[in-house]
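We begin with a single chain expressed as structure tokens, specifically the form predicted alone.
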């Protein structure tokens, strides 16, 4: 089975600082989002079960070749990378076109996996957009995947319950974090990752004229937190104040 995993290069959120409600990204290393890692783990598990290959497709800025080594070490067999240094912000519609075109160039693909949303803006649009561009069925919020002859049986995690869906291959799935626990590559796997094949193209080489962004981010601000500054003198008084605010059940 030929499986493609789309992964997004984002700043390491553990190292992002906030100043005046704005994120400070200077000297923050780039990595892949956590939910993307769940998608990759699902692909590797399927490959281990039925055979085949796993290709990581990613679009990002300079340094993407170093970032993708994480995915290659975690079980991907090869990578298709799209470098977009001229784009200030790669919004969802452009990401989807780049990824869809790259997937078309890979030839026959049985399954395309995405995280349900990216770790930075979390628009949850790219997977659905790619499915539309490739004219493939798409199932979102997948927390379980079972393989049968020529199709998948997947369980969707919904707000008020679970939904079990049959979907014929080829298909696009977006997965949630409850799907699995991503593996930690061994030292040997990390060393071998640098020798795995990578194809690198620019966005202009892939699409010709890159579309104009349809969405522009005007600001990206952290929530404003206002403290009530309630003073307490004893533990009993603390409990009473917390109960009054609704943080604890009433006695």
Partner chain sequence: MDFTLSSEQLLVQRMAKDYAEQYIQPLAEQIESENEVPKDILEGLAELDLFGMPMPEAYGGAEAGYDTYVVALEQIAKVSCGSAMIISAHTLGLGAINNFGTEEQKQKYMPRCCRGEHIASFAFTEPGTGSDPKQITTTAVRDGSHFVINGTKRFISNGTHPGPMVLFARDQENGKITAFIVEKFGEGYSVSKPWEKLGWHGGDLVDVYLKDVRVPAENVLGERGSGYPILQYGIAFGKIGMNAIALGTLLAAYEEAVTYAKEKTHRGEPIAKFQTIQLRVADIAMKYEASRWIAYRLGCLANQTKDYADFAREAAMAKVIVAENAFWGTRIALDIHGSYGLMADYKISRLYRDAVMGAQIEGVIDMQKVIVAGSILFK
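Positions refer to the first chain, counted from 1. Only the largest set of C-alpha atoms that superpose within 1.5 Å between the two forms is called the rigid core. These numbers come from a predicted model, not from an experiment.
The following text describes the form predicted in complex with the partner chain, which does not appear among the structures shown.
- request: Using a 4.5 Å heavy atom cut-off, state whether residue 14 contacts the partner chain in the predicted complex.
  value: Residue 14: contacts the partner chain in the predicted complex.
field: Close approach of residue 185 to the partner chain in the predicted complex, 4.5 Å, heavy atom
entry: Within the cut-off, so yes.
field: Non-hydrogen atom contact residue 191 with the partner chain in the predicted complex at 4.5 angstroms
entry: Yes - in the predicted complex, heavy atoms of residue 191 and the partner chain come within 4.5 Å of each other.
query: With a 4.5 Å heavy atom cut-off, would you call residue 181 a contact of the partner chain in the predicted complex?
result: Yes, residue 181 is a contact residue.
- prompt: If contact means any heavy atom within 4.5 Å, which of 212-220, 199-207, 62-70, 41-49 contacts the partner chain in the predicted complex?
  reply: In short, 62-70.
message: Using a 4.5 Å cut-off on any heavy atom, which residues of 22-52 would contact the partner chain in the predicted complex?
response: Stretch hits, in order: 31, 37.
message: Aligned on the rigid core, do the two forms place the Cα of residue 231 2 Å or more apart, comparing between the shown form and the other one?
response: Result for residue 231: yes, a 2 Å-plus shift.
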